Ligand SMILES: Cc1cc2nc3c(=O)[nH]c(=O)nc-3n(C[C@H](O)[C@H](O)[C@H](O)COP(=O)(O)OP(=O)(O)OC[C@H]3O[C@@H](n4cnc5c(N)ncnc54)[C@H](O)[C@@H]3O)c2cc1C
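Just the one chain here, laid out as structure tokens, in the form predicted alone.
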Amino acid sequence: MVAAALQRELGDDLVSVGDAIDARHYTAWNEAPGVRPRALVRPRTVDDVSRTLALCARLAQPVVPQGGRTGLARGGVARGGEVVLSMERFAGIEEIDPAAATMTVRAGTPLQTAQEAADAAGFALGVDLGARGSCQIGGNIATNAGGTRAIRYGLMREQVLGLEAVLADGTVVTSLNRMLKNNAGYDWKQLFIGSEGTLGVITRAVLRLHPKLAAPATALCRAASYDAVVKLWDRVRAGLPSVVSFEAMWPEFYGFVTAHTPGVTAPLAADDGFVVLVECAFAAGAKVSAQGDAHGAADAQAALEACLAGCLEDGLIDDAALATSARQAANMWTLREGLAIDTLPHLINFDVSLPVGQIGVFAERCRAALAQRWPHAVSLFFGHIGDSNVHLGVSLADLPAHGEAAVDAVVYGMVRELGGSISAEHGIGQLKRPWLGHSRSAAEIDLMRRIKTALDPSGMLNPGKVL
């Protein structure tokens, strides 16, 4: 019996079975509990991970690596009969190297913990997500997480200098590189970034650190159309090099969240315009004049105000509101995060990428196609835009049996038609696997299968995910 063998190998402290397995380990985000796994292993060391995979390989036992369980594609959830390998106990910051500006961190470390450690050392991490308190570094890397700072720092892939992973047979591969330049052969870490635990289990990573930012300046502004939003983005990225976030909300989305977010007063009225959240921040202590003055929150506020004043004068926007306190900025972000839409019945969330110039066309065509099929469908669009990422929430009050797949077909069909990607963030997991061919060619998928076969010939790692 697999569970008994794991308990003999690792001990009862690391292995749980039956009712001792907490339901959170077999429950997808915002869903009812699923199938209880055969066993739950919570390693404390890399050797624990290695021994677990080596034993499971000998027993032909499938394993599901699991991080903070905040993904929206069911990538870290067992389907039935697997062993779940949760990295939550293997957490902590091992080293911060100020000279190299790097952090060595264990996979189970929550993102927020890593952010706070970087901040205490005078640095900043380049990735930030709404789930920062729950998501884990290993899962962020395994899904190549993006978030709201991607236009300034890039995705998680750009933050990783070194990596350690355990292969399906238990082999530990370590390259905790701390150098920006290292071209000694294949950069194998790139295989594991974004692989969703299908090629190996990420255990440790070396992350790049960035100069600590002064307090950001935040504003909402209104543009008449999506084309105006794109022109605004061109102006902002050219004239405001300190920009950190550029978040667009379609009129229907902004109207809904302003009407259904208690305790938050909308600084701009909801009408037919697009509302854009812009945030900028200078590196703390950066010199800006011959007198040696340093940037700070006031400088960011002045820069953002000047930029938006020019946009108003040139007709790119018709209104703007600058946050004058941290609370006002937080309220603006609360509207953008759009938690209010979770109250809609049978909400189906999409997270896709398209060329920036095509996102407006996508939204128009997608809304029309959904309304033609389901006249009472609610379609709400919002997203990062500057990094080509748009979110869509579709609500059908009378969702029929198997209706979600029909909605997927409409949305992902439109993504394929416009040359986009079915997954901007969160990966493929189980939910998007049937649609992978909409964004990847047959030759690309075949190459993925070859890599999978080379590293995991028995298919024991995260079966049924991605491929």
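The numbering used is simple: start at 1 and walk along the sequence shown. Note that the structure is a prediction, hence the values are computed from the model and not measured.
Separately, the form predicted in complex with the named molecule exists; it is not shown, and the next lines address it.
- Interface residue remark: residue 425 is counted as part of the site for the named molecule in the predicted complex, having a heavy atom within 4.5 Å.
- Remark: residue 251 does not count among the residues lining the named molecule in the predicted complex, judged by a heavy atom distance of 4.5 Å or less.
- Interface residue remark: residue 70 is counted as part of the site for the named molecule in the predicted complex, having a heavy atom within 4.5 Å.
- The closest heavy atom approach of residue 65 to the named molecule in the predicted complex falls within 4.5 Å.
- Remark: of stretches 71-79, 307-315, 374-382, 206-214, the one touching the named molecule in the predicted complex is 71-79 (heavy atom within 4.5 Å).
- Proximity to the named molecule in the predicted complex, defined as a heavy atom within 4.5 Å, holds among 107, 276, 281, 392 only for 107.
- This chain is displayed alone, yet in the predicted complex one of 230, 135, 341, 193 has a heavy atom within 4.5 Å of the named molecule; that residue is 135.
- Residues from 124-158 that approach the named molecule in the predicted complex with a non-hydrogen atom closer than or equal to 4.5 Å are 129, 130, 131, 135, 136, 138, 139, 140, 142, 143, 145, 146, 147, in the order they occur in the chain.
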